[in-house]
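As a starting point, one isolated chain is supplied in structure tokens, in the form predicted on its own.
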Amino acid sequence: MTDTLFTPIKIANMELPNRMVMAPMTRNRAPEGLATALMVEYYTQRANVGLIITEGAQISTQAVGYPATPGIYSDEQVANWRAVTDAIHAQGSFVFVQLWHCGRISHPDFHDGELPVAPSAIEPAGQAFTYEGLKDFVTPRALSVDEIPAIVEQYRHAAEQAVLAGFDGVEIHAANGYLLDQFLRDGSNHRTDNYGGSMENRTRLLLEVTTAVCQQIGAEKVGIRLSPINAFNDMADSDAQALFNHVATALAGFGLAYLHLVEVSMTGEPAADINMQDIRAHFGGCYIANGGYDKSRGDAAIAAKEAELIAYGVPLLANPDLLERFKQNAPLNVPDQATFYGGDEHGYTDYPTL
């Protein structure tokens, strides 16, 4: 019998009821960096998919890059997230929290006037979303070698806090132009020390973070997200296929829960031609595919064994009962882009179900 999106699967220590994953999506509805009752409702509505990966949660005050995004480093944040994880588990789903450090994709407004940090002092093109509206990105401050162990410790501590908050695991966010991705790609990493230059050196921080997090909570509770072709946040690399094949090979030995690839560029421009299955083969473990999948394409990827799991973002944002709609081949709600970031329950918890 051919596997579909609705076929159960065992991933790490989780028995998932289906192959559908909720992709992490920033929604800017966590004032003071705390999960809210509205967030409990939002995630509970969608806890029919096998696995939820929450929106990015910053690992420290240094990691903040957007307004009203949650954290996962303080005891108060842990307590508030607990209401979310308990509600998701009550619905029979599993949940990972995404560990997020924005790096240069931030603004001094979030850091008492201090510069954001990055691998190199290279100003990204574009603008930061701040509490006062859009402001041009600034030239970040390059991290010194002496500061890097503290970054690794932030990730380790956040993973420890995540388990206390009831999460089944964590996803290390090394995609979409944020700090770990900034170290990986040579467009943003011009360092000449052990963290720059060669692919081995540019991968070093990600591997140090992954080692620390796995030692803290167990590799079976750790996933990694990468975005090999995504130009979002002014990202580029001179040989992305070779780089991400190298990264996937380096991650293969950890025994991670999964590798999650963003297979598209979020800029809307034509993306570089990269073979995602090649990267997946170098990893060799559970693969989550993400990027523009609908039901038929998701089913086809599962049937062809091109992925174990399929992550859905906007379709699940607008259709809390996406699983049931797929089962019935029912029409989908139209997403309201004006309510994606910030606001109240409108466009968040009020999308109709069948």
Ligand code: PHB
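Remember, it's a predicted structure, so these values are computed and weren't measured experimentally. Heads up: residue numbers just count along the shown sequence, starting at 1.
Omitted from view is the form predicted in complex with P-hydroxybenzoic acid (PHB), to which the following refers.
- Of the candidate stretches 118-126, 243-251, 174-182, 137-145, only 174-182 has residues whose heavy atoms lie within 4.5 Å of P-hydroxybenzoic acid (PHB) in the predicted bound form.
- The contact with P-hydroxybenzoic acid (PHB) in the predicted bound form, taken as any heavy atom within 4.5 Å, belongs to Thr26 out of Asn48, Thr26, Thr36, Ser60.
- Shown without its partner, this chain lists Ile217, Met276, Ala83, Met266 as candidates; in the predicted bound form, only Met266 has a non-hydrogen atom within 4.5 angstroms of P-hydroxybenzoic acid (PHB).
- Against P-hydroxybenzoic acid (PHB) in the predicted bound form, the set Phe6, Tyr293 and Phe326 makes no contact: no member has a heavy atom within 4.5 Å.
- In the predicted bound form, at least one heavy atom of Tyr66 sits within 4.5 Å of P-hydroxybenzoic acid (PHB).
- In the predicted bound form, none of the heavy atoms of Tyr195 sits within 4.5 Å of a heavy atom of P-hydroxybenzoic acid (PHB).
- By the criterion of a heavy atom within 4.5 Å, Phe110 is excluded from the residues contacting P-hydroxybenzoic acid (PHB) in the predicted bound form.
- In the predicted bound form, Tyr73 stays away from P-hydroxybenzoic acid (PHB), with no heavy atom inside 4.5 Å.
- Along 227-242, one residue reaches a heavy atom to within 4.5 Å of P-hydroxybenzoic acid (PHB) in the predicted bound form: Phe232.
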